[in-house]
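Next up: just one chain, as structure tokens, the form predicted alone.
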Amino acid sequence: MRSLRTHLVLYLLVAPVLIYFALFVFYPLAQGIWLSFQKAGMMGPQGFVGLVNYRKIFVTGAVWDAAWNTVAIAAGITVFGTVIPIIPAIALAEITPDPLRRALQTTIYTPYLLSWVIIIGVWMNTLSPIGIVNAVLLALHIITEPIIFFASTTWAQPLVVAQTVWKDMGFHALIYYAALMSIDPEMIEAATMDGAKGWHKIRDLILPHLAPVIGVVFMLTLQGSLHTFDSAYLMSNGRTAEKVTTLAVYAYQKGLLQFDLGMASAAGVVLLVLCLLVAVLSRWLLPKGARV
């Protein structure tokens, strides 16, 4: 009680945050877990069924396919989404004219502000049979007929990965750029005077300095990619559905399209457990300097 009286103001300041998480995170999460043990439809729970929904989950081939799609897409997004933004971040740090640097910052950040509907529309126009990509490939005689990218099972998952990386690249690049601004310029100048070339400075100075930030971006990208929904759902069609249906999309289809909220909740719990396991494993595998 003495501690409560002493730090009452601090407790009052943090109370709204705790209330928010209790109402909009922990309570819905608990409800979802409880619902996964129920037979439930759009009219609500209809009775406790124990582990029946989970048994259905693990004997349904579509769930295993969705889990594999989730892991494969998340792996691609995490690797490329963590590494590629380092390149524009270093480029921004090397640009000296402020107007040009600000213009490039705005340009690479713009896709992050766009909705997924717009992103898919841009990529569909670019990769359509009469789009610029097919036109260039045909003109260079690399292909003999247009590639139907959005109806190809081969290109389905790579496109989801590429679109997500492209959309988030500006945001992650600015995180890296902010970290680069904290490097002591005298250290870079000393390395240059000692004869260090561009790649050596990146390898021996910049990347070690960015290691903790790389760990943060890695974890943010990994957890976000495991919940991939918008891009996968919008990419889904009769030809590509089996390759881009993730666990999040599967839960949506079961819950809101087929009105089986029990199965949908069980799929959501499986996704939650997968996220927690991957987060713990990835944090353990990260180098010590990059752990968060």
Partner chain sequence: MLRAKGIRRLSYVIMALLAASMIVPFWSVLVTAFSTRFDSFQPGIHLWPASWSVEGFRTLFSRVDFGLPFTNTLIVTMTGTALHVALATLGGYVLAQPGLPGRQLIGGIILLTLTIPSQVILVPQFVVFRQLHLLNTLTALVISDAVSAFSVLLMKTYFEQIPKDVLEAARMDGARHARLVWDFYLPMALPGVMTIAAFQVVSRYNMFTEPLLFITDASKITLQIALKSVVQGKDTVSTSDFIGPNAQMAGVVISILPLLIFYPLMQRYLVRGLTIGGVKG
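Numbering follows the first chain given and starts at 1. Think of the rigid core as the biggest set of C-alphas that the two forms share within 1.5 Å after superposition. Note that the structure is predicted; figures quoted are calculated from it, not measured.
Heads up, the form predicted in complex with the partner chain isn't pictured, but that's what we're talking about next.
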* Select from the listed residues Val71, Ala151, Val83, Ile95 the one whose heavy atoms reach within 4.5 Å of the partner chain in the predicted bound form. => Ile95
* State the residue from Ala75, Ala211, Ala162, Ile188 whose non-hydrogen atoms include one within 4.5 Å of the partner chain in the predicted bound form. => Ile188
* To do: Tell me whether Val14, Leu100 and Leu272, taken together, all sit within 4.5 Å of the partner chain in the predicted bound form, counting heavy atoms only.
  => yes
* Asked: Is there any non-hydrogen atom of Leu51 lying within 4.5 Å of the partner chain in the predicted bound form?
  -> no
* Asked: Ile142: heavy atom within 4.5 Å of the partner chain in the predicted bound form?
  -> no
* Asked: Hey, in the predicted bound form, is Ala241 touching the partner chain, heavy atoms inside 4.5 Å?
  -> no
* **Contact test in the predicted bound form: Trp123 vs the partner chain, heavy atoms, 4.5 Å** => yes
* **Stretch 111-141 - residues with a heavy atom within 4.5 Å of the partner chain in the predicted bound form** => Pro111, Tyr112, Leu113, Leu114, Ser115, Val117, Ile118, Gly121, Val122, Trp123, Met124, Asn125, Thr126, Ile130, Gly131, Ile132, Ala135, Val136
* Asked: Honestly, after the rigid core fit, is Trp64 moving at least 2 Å at Cα between this form and the one not shown?
  -> no
* To do: Align on the rigid core first; then say whether the Cα of Val269 has moved by at least 2 Å between this form and the one not shown.
  => no
* Using a rigid core alignment, state whether the CA of Pro28 is displaced by 2 Å or more between this form and the one not shown. => yes
